[in-house]
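This document starts with one chain, in the form predicted alone, laid out as structure tokens.
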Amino acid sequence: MLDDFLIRAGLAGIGVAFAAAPLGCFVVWRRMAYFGDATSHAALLGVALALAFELPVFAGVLLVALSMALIVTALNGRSLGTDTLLGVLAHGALAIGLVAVSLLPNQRVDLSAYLFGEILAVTKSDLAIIWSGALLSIALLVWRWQALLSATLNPDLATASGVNPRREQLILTLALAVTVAVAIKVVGALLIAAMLIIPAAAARPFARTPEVMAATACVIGVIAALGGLAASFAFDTPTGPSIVSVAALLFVVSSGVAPLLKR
């Protein structure tokens, strides 16, 4: 029988994969990779605020991630290009978060746990938070799936059909903020965007419909989470980076196998 902490770690990885993979499909379709970076990097500032005001880390990260996502959405289309704006916000938020953590009085913070995750230290209460957040994110996507697809594929046609693309963007933003908040314990602020993008990108060559792509991305995310956990246990490597490394390996394999299957 596996140790309890390994079972909790595996369940946490699966929960994050279920939350991040289908959401990552929209990130890929909308070409929002840098948007995910900006939101996830802001998570460290949420950690600092949570520690400073003695709040749960999940609450602080959720608040800041949601605020960052809303700021990016509001400023999108202004004088600066989108990539420039996201670059400034992503790296600025990360730097401010690091400085804020260093200024906390009477606090000794293990930054590596928040930057790269600490999945092996997941508790039962962490599991409850991770799965609650994952289910909320999934519920939002299922509820608005067709509207989100319409707004993603053709905003003008979606508007003509009675769908408000800006409202769907806000719903996607909320789901992204929730996912960032639940994933920081598993893969850390620096690697959350990877769990959004890589499984979806690896699934894309094998999918003929959006639903199949989302389901395939979930499977790849779960394999990456469990495979990275096993590799970390076997080779004594950091678990968060190991999970992302397995996901990247699966992307390379899918990129090489997909052209062969089409012949």
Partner chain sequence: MSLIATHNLTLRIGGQTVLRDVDIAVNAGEIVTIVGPNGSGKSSLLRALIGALKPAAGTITRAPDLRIGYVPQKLQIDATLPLTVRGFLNLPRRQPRDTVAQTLLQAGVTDLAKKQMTDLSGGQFQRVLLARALLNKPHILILDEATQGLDQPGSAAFYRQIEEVRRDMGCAVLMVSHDLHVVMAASDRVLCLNGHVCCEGTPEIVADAPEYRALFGTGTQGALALYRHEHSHSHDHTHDHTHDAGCNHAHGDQDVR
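All figures in this text were calculated on a predicted structure; none of them were measured in a lab. Residue numbers count along the first chain shown, from 1.
Below, we turn to the form predicted in complex with the partner chain, even though it does not appear here.
Though the partner is left out of this view, Phe233 does not reach within 4.5 Å of the partner chain in the predicted bound form, counting heavy atoms only. Proximity of Ala74 to the partner chain in the predicted bound form falls outside the 4.5 Å heavy atom cutoff.
Taking the partner from the other structure, the partner chain in the predicted bound form has a heavy atom within 4.5 Å of a heavy atom of Pro210. Shown alone here, Ala128 lies farther than 4.5 Å from the partner chain in the predicted bound form, counting heavy atoms only. Proximity of Arg31, Leu149 and Leu153 to the partner chain in the predicted bound form is complete: all three residues have a non-hydrogen atom within 4.5 angstroms. Here is the short version: of Ser161, Thr123, Ser112, Ser132, the single residue with a heavy atom within 4.5 Å of the partner chain in the predicted bound form is Ser161. Interface residue among Leu170, Leu136, Leu157, Ala100, judged by heavy atoms within 4.5 Å of the partner chain in the predicted bound form: Leu157.
Note on the interface: of 33-41, 64-72, 210-218, 49-57, the segment with non-hydrogen atoms within 4.5 angstroms of the partner chain in the predicted bound form is 210-218.
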